[in-house]
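Here you get one chain, nothing else, as C-alpha cells; it is the form predicted alone.
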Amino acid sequence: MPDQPLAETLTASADAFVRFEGVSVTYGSGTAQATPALSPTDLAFARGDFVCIVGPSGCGKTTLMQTLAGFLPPTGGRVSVGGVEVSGPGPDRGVVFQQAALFPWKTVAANAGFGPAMRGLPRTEQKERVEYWLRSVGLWDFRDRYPYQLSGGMQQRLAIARALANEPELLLMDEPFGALDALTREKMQEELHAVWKRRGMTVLFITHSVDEAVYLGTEVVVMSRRPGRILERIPAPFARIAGERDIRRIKAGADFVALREQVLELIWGEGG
C-alpha cells in the first residue's frame, strides 16, 4: 500500500470534526525539570472516523488523548471538537480506560446509568438508555449483578456501555483491551466494531497492538519517540468492509499483513 505524503495527510480538511492545532505538552517547569512530552502536533479528522494511534511506549499517545478529553490543558496550541475549543471534560466526550474503573457498590444497570443520572435526565430516558446500551453490549441479562460478578471482558463491555449511555459525540479509548486475554480481546474488537458501525460514532483509539489498530481503524496514526510527533497517517480499509466479517480471515490476508508490516517498520525505526 503506497505511503501518503505527510504534508498532505496533515492538512486539516474543511469538514474536520476534531482538530489538534499546534498542540504541545511539557510536564514540569524550569530548565532542569521541564520534560517535553508532545511536540507541536497538527491532526484533524472527520465525524464517523475511527482513528487509531500507535507508537513506542512513552511517545505521547495518552497525553494527546488527555488534551482532547479535557483532562490535561495543552502547553501550547488548541484542541477543538465541532469547532468548539476544549476547555475541560464534557458529556460530548466519553472516555474508556484500560481498567474498567467501575463503581463496585453499584449494579451493572446503575453503573451504565451513572452519566445520564448525573446529568439529571428524566428517569424514563435514563432507563431507556441503560436498556439500549446494555442490550447493545450483551449485558442486559446481567443488569442486577455487581462488577465483581462479571468477567474481565464483561467489565470492559460495561465500561463501554457506561460511556455510550451519555451518547457522546466522540468516544476516546486508551488501551481498553490491553489487560484481556487474546480470545476475549478479539471478541471485544468485534463488539466495538459492531457498535461503531451501527451508531456511526467517532472514535479515537490508543493501542500498542498494531494488529488491533489496522483491523479497527479507518486510519492508523503512527507517532515518534518522545517528545511525540506524527510520523505518518496511513488509511486502513478493513474497518469499512461491508457484509459478514471473519476477523481471522481478514488478519491472515496479504493486504492486512502488508499494512501491519508497514506500520511495524515505522515503529521499529523509532526503537519501539
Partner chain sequence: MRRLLDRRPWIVTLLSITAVIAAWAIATETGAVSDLLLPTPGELWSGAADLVVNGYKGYSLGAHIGLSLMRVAVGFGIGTIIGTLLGLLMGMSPTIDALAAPYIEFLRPLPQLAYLVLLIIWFGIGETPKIVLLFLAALPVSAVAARDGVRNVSPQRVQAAQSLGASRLQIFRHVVLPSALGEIFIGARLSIGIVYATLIAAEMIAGASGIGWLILDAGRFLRSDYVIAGILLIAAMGMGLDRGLLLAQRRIVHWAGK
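Numbering follows the first chain given and starts at 1. Heads up, when I say rigid core I mean the largest set of C-alphas that superpose within 1.5 Å between the two forms. All values derive from a computational prediction rather than experimental measurement.
Omitted from view is the form predicted together with the partner chain, to which the following refers.
In the predicted bound form, the residue from 154, 102, 173, 86 that sits within 4.5 Å of the partner chain by heavy atoms: Answer to the contact question: 102.
Which residue, 109, 79, 192, 95, is the contact with the partner chain in the predicted bound form, using a 4.5 Å heavy atom cutoff? Result of the distance check: 95.
Among 195-203, 123-131, 181-189, 140-148, which stretch sits within 4.5 Å of the partner chain in the predicted bound form, heavy atoms only? Partner-contacting stretch among the options: 140-148.
Is residue 73 a contact residue for the partner chain in the predicted bound form, using a 4.5 Å heavy atom cut-off? Result no; residue 73 lies far from the partner chain in the predicted bound form.
I'd like to know if residue 119 sits close to the partner chain in the predicted bound form, meaning any non-hydrogen atom pair within 4.5 angstroms. Yes, residue 119 is a contact residue.
Core-aligned C-alpha movement of residue 149 between the shown form and the other one reaching 2 Å: Yes, its C-alpha moves 2 Å or more.
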